[in-house]
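Next comes just one chain, in structure tokens: the form predicted on its own.
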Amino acid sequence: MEFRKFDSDKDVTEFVLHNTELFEPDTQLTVSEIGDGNINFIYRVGQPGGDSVIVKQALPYVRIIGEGWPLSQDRVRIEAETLQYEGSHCPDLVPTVYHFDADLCAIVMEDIGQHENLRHALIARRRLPNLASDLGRFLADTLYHSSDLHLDSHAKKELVKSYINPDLCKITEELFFWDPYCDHERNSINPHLRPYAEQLWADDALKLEVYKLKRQFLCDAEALLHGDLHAGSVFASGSGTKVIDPEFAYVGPIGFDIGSILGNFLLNYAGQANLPGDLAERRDYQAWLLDSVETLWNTFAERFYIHMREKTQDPSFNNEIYRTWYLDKLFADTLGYAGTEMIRRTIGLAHVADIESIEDPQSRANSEKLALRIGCELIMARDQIIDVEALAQRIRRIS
């Protein structure tokens, strides 16, 4: 069967009815398109007031641009297999995949509509008691079990081969590690912030450190990454967390995933300095964000350490000296990639509502300057910040 785009609600409902057992064959289903629709088509399909599923179909190009920006449809296979892999280790933290069709480049998966997009929750200053520990567990369990610490040589190299994802990696390589460090036409910069962006472009010491992080992103095949783990890729509620959209997945440096999500907590921290609302409430929430960063890292590090001690077979890696060194390395990498996430979300192409929703341009620039200061500090001092408590103290001083 050749690829064909779903052209009608009937196409979508027939796809669901034929490929799941959640509905009776004659069930009347409704279809609504959801999501931002920048790259893929995403539909909610279900019975009014009843059960529903999500259908995601990948086109052979970027949807909002058209055929002028081709994009490999293998990304939807990678997404489906990554969700299934993540579900094998953290079934409560990812949506269930009900069906994947390679010819139609489409997935049917669990609807997690009862959860709220994390970015919206952070802007609204919601406190989610399980969020940080859930994310730490997700990162420790998925990253460890896809690494050389757990897999034998043949299994690891087969994993690398299965998750070659050059089209989407190329997007990350440019948006994270090149565009924000030069006057690129794709950048979007608040005029009040431009002098600070120009200072950053002239900072050769900073750019050298960014290029080192880029080299790791290109070369260090440590574990299977989600690859795009920002606040918009996480949905949460008071009782649980779901991680979605791993179409950027590939085998890369562990610190990239951890740093990406920590960078989003810190972007919200910078935004809270000037978002609407009571000042004391915003400062209190900033303290909660830093506590969450500590909990996330500590949960990750404790679980990852236990996995290394109890499951790693290679004696080169399963000893106390190596375990301590490796976690220190991962922490430094995490800080560096958190910094690149903060910078690219401030002066690059894709900004975040945590800061972008601040209406007054000068107030927004104040939060943007804070994001740049923190981001640069994380990159430049990543080898000197000894632990997550020292990280929180340094961020408070910068603020």
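So that there is no doubt, residue numbering starts at 1 and follows the sequence shown. All values reported here derive from a predicted model rather than from experimental measurement.
The same protein also has a form predicted in complex with another copy of the chain, omitted here; what follows describes it.
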Which of 112 to 120, 131 to 139, 309 to 317, 283 to 291 sits within 4.5 Å of another copy of the chain in the model of the complex, heavy atom basis: 309 to 317
Does any part of Glu302 reach within 4.5 Å of another copy of the chain in the model of the complex? Heavy atoms only, please. no
With the cut-off set at 4.5 Å between non-hydrogen atoms, does Asp167 touch another copy of the chain in the model of the complex? yes
Asp204: touches another copy of the chain in the model of the complex, heavy atom cutoff 4.5 angstroms: yes
Please determine whether Ala221 contacts another copy of the chain in the model of the complex, using a 4.5 Å cut-off between heavy atoms. yes
Since the partner is left out here, which residues of 134 to 171 would have a heavy atom within 4.5 Å of another copy of the chain in the model of the complex? Asp148, Ser153, His154, Lys156, Lys157, Val160, Lys161, Ile164, Pro166, Asp167, Cys169, Lys170
